[in-house]
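The chain that follows stands alone, in the form predicted on its own, written as structure tokens.
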């Protein structure tokens, strides 16, 4: 069976308003710009974009604009000046859930290309400390370029496999935006082909479980961690949370997102997960007008 057909069969009873979801996959993904408030204001950027013929509107996230009309061939001065960062609405949610403060020591375990790391630095007003890590040297180039372009100074970059990350300090906050199958990014093109489908035999849940355990162990007592993915796959989401709850004294906490969400799933196929995974948050593309996402806010007890 085709991987997408298999996905449809398994999730038709899981995703709310499933027919609406399928119809949404045929629409272009909405474009958003996060405004870099370290350098500028929302009003200034909106005026600058308007002069370039770009129509935008506010969203439920104060620093994020929905782009309604843009010439895709036009190079934007605001981008090169580091005033904006193209970022999906749902991609901002893990950082909002983590809520890093100005005195926090924060680790972004899988950071490249830097959307969430730079968003954290922005909310911290470029104070405290952000450690942005990624395992692949090639991905660090984009990460460092974005940090420099946005004018951020509170962030250092490290290269290591997240599963084996070592540190002499414990962190107040840790973000694990784990590598995943990316089902939340799926689109169907006019020819009926699935865009953004990842192929391969990598055991993603095994990698994700190793990452979440290591991240948890790097937290200080009562520290906060967010685990997130851009997939709708239960084994990569609730299955990973279940594993953490069995292995560590962790607690998933309530978080109220600013967009429509669904609870985590504690029963899938023939598998039953710890009921606490229902405190996780699922974001479906047709409900949030953005990439499908999953996140859980976790405290180290």
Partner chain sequence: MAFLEKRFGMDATGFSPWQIYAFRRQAFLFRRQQDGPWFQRDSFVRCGLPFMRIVAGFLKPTTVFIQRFGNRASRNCIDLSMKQIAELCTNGSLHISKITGENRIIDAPGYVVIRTGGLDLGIGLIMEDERLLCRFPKSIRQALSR
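Numbering follows the first chain given and starts at 1. Worth saying up front: this structure is predicted, and the values here are computed from it rather than measured.
Although not depicted, the form predicted together with its partner chain is the subject of the following passage.
Does every residue of 187, 278 and 299 put a non-hydrogen atom within 4.5 angstroms of its partner chain in the predicted bound form?
Checked in the predicted bound form: no contact with its partner chain for any of the three.
Please run the contact check for residue 113 against its partner chain in the predicted bound form: heavy atoms, 4.5 angstroms, yes or no?
Residue 113 lies outside the contact set for its partner chain.
Check residue 211 for me: does it contact its partner chain in the predicted bound form (non-hydrogen atoms, 4.5 angstroms)?
It does not: once its partner chain is placed as it appears in the predicted bound form, residue 211 has no heavy atom within 4.5 Å of it.
Is residue 181 a contact residue for its partner chain in the predicted bound form, using a 4.5 Å heavy atom cut-off?
Output for residue 181 is no: heavy atoms all beyond 4.5 Å of its partner chain.
My question is simply whether residue 27 lines the interface with its partner chain in the predicted bound form - judged by any non-hydrogen atom within 4.5 Å.
Flag for residue 27 set to no.
Considering non-hydrogen atoms and a 4.5 Å limit, which listed residue (52, 272, 58, 249) is close to its partner chain in the predicted bound form?
Checking each option against its partner chain in the predicted bound form, the one that comes within 4.5 Å is 52.
From the list 98, 131, 89, 230, which entry has a heavy atom within 4.5 Å of its partner chain in the predicted bound form?
Contact with its partner chain in the predicted bound form is made by 131 alone.
Just one stretch in 58-66, 232-240, 41-49, 254-262 has heavy atoms within 4.5 Å of its partner chain in the predicted bound form, so which one is it?
Single hit among the candidates: 41-49.
Looking at its partner chain in the predicted bound form, which residues in 104-140 have at least one heavy atom within 4.5 Å of it?
In sequence order, 105, 125, 126, 127, 128, 129, 131, 140 come within 4.5 Å of the partner.
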